[in-house]
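Taking the form predicted on its own, here's one chain by itself in structure tokens.
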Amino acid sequence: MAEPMKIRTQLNGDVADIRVAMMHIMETGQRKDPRTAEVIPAHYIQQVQATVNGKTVLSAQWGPAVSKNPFLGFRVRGVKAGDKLVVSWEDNKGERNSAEAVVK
């Protein structure tokens, strides 16, 4: 089971500043295990999506160059307090995670 994401929202007029902390190892597939000298298999987030009230507001494709436990910050215009925000991701091994928050 994937670790939970932490989502923070801050509303300023009709613009929401959204900050998401994702827990993921984001392994590039290029490092070697120091004990065995074997290559550590790649394991990273490939697709990130954010929706507000079911409407996609962000869609991103990531690769192995993103750091461990990535942080994502973005702004969405046209939202109001009480709107439902959903952020989800899928990695290269098919694992998925999703979290919900209410815009405040």
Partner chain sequence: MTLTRTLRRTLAAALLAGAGLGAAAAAEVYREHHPRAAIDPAQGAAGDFSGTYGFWKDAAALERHRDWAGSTDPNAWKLNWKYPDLVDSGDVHAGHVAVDEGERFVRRAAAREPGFLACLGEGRNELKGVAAGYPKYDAKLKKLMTVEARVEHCAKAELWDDVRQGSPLNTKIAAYVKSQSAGLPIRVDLSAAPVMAAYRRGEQLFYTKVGQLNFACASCHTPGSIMGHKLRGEVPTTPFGDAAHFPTYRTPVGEVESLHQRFGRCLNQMRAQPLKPGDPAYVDLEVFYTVLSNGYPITVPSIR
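In this text, all values refer to a predicted model and were calculated from it rather than measured experimentally. Numbering follows the first chain given and starts at 1.
Beyond the structure shown, there is the form predicted together with its partner chain, which is absent from this document and is the topic of what follows.
- in the model of the complex, does Glu100 have a heavy atom within 4.5 Å of its partner chain? Flag for Glu100 set to no.
- Message: Contact with its partner chain in the model of the complex for Arg8, defined as at least one heavy atom pair within 4.5 Å: yes or no?
- Response: Arg8 belongs to the contact set for its partner chain.
- Message: Residue-level question: is Met23 within 4.5 Å of its partner chain in the model of the complex, judged on heavy atoms?
- Response: Contact check for Met23: yes, within 4.5 Å of its partner chain in the model of the complex.
- Message: Please determine whether Asn53 contacts its partner chain in the model of the complex, using a 4.5 Å cut-off between heavy atoms.
- Response: No, Asn53 is distant from the partner.
- in the model of the complex, the one of Lys80, Arg96, Arg19, Lys84 near its partner chain [non-hydrogen atom within 4.5 angstroms]: Of the listed residues, the single hit is Arg19.
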